[in-house]
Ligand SMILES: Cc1ncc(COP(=O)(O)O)c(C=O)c1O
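Take a look at this single chain, the form predicted alone, given in structure tokens.
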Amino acid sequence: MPDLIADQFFNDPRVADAKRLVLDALREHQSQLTGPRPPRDDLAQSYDDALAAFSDVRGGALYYRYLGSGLGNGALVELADGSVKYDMITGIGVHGFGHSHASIVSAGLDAAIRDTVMQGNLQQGAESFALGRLLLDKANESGASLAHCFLSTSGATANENALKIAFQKHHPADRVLAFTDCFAGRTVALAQMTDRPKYRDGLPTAMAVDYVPFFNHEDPEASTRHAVRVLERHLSRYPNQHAAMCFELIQGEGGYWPGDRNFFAALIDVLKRADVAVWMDEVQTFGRTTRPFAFQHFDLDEHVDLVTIGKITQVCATLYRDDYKPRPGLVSQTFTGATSSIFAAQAIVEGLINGNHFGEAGRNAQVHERFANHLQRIADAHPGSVAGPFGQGGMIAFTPADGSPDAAKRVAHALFDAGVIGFITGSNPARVRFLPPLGVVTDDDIDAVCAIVEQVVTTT
């Protein structure tokens, strides 16, 4: 069968040469980024002006003085003021392969020569099909029965789709369950579910949410019994009114607290008997544990009804069992993803799979162990400076000083000024979190970052 005209174009030697030249130039220029640098004096005024103007345009100041230049080298990123920093938050987990990674740039170039910028409801490319099939194959490799994968442009949209699917399946149930301190998104419905009152200030009540206390690592058995009792009370108080329970298996904004397999299994047993959907919110955890999905890490495959993923995957998705397949019209979007995001997602998922990131001794586990060992050393050498636990997998966190919000904010901003970008999480205690670029971060990067952490927490 003769090639399509598109194949002739994509394989044109001139296109291959142009791509090679871009990647050669990229390697040459990014090689100049070898470590943190302070801002350049000659750019200070123009940078301040740009930040002020941008804050006015967007209607609020940026959390950090961050305007990217458009170039980076692995874990390092250059800002428009000439400074270079270690990016340990990666857009809150989005840039899992760091900055200017050759495979991601290559995927972007492949996408740039396709016929459309966005793909969606009426017009999808073959790459969307390939990505959906890849995600389902990985999701089902150890016993899950997820049959369908719907792509979307954001984690919030993926979560909204999961909510709609669950509500339709379990109609007329109109309540949901979630963990205390959970974060699900900032749409009207998801702000209602997110356990942060300030995120729904001024919003109407969109749905009823009942909260279940999360796992307490200091008292596993008692916290499990307590959570089961609370769940059973909710189900008894509102019989047949809950459509789904949302599981954050490792709490994100809640403080990077991991759960426990026995804890989750005990709750799932109650939910299954009550015919409540088990929904795994993996928008932040996907790709960051010992398995592609955190539900696999916790050996919960057979229980999963719906799963949402995003952030590191660039394009987001809702995966669900066949018996949850929605009726026509419920789930449909003009945009399901940018062509560049879909190409990048394929490269990232394949990079994680082929880069030995998974398994008990995989790179994700190695990254966590190296960070945790450094942080424990700092805690031992400087009592009161930092405290654990230190998260799990590629989700790193520590409690600075007394764990107050002021302490966490002070340390996070001091780290930024010193050349390390992190963020805050949790509230009681407040913590500093890292989501390192797992695809590229090196042991030397981790050592250098932790040296800066030690210097900051002992002097701030």
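Note that this is a predicted model, so its numbers are computed, not measured. Throughout, we count residues from 1 along the sequence that is shown.
Note that the form predicted together with the ligand isn't included here; everything after this is about it.
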item: Heavy atom within 4.5 Å of the ligand in the predicted bound form - residue from A372, A156, L271, A189; value: A156
item: Interface residue in the predicted bound form among Y320, W257, F97, F183, criterion: non-hydrogen atom within 4.5 angstroms of the ligand; value: F183
item: Heavy atom of D210 within 4.5 Å of the ligand in the predicted bound form; value: no
item: Non-hydrogen atom contact E248 with the ligand in the predicted bound form at 4.5 angstroms; value: yes
item: E127 within 4.5 Å of the ligand in the predicted bound form, heavy atoms; value: no
item: Interface membership of H101, the ligand in the predicted bound form, 4.5 Å heavy atom rule; value: no
item: Which of 168 to 176, 280 to 288, 222 to 230, 118 to 126 sits within 4.5 Å of the ligand in the predicted bound form, heavy atom basis; value: 280 to 288
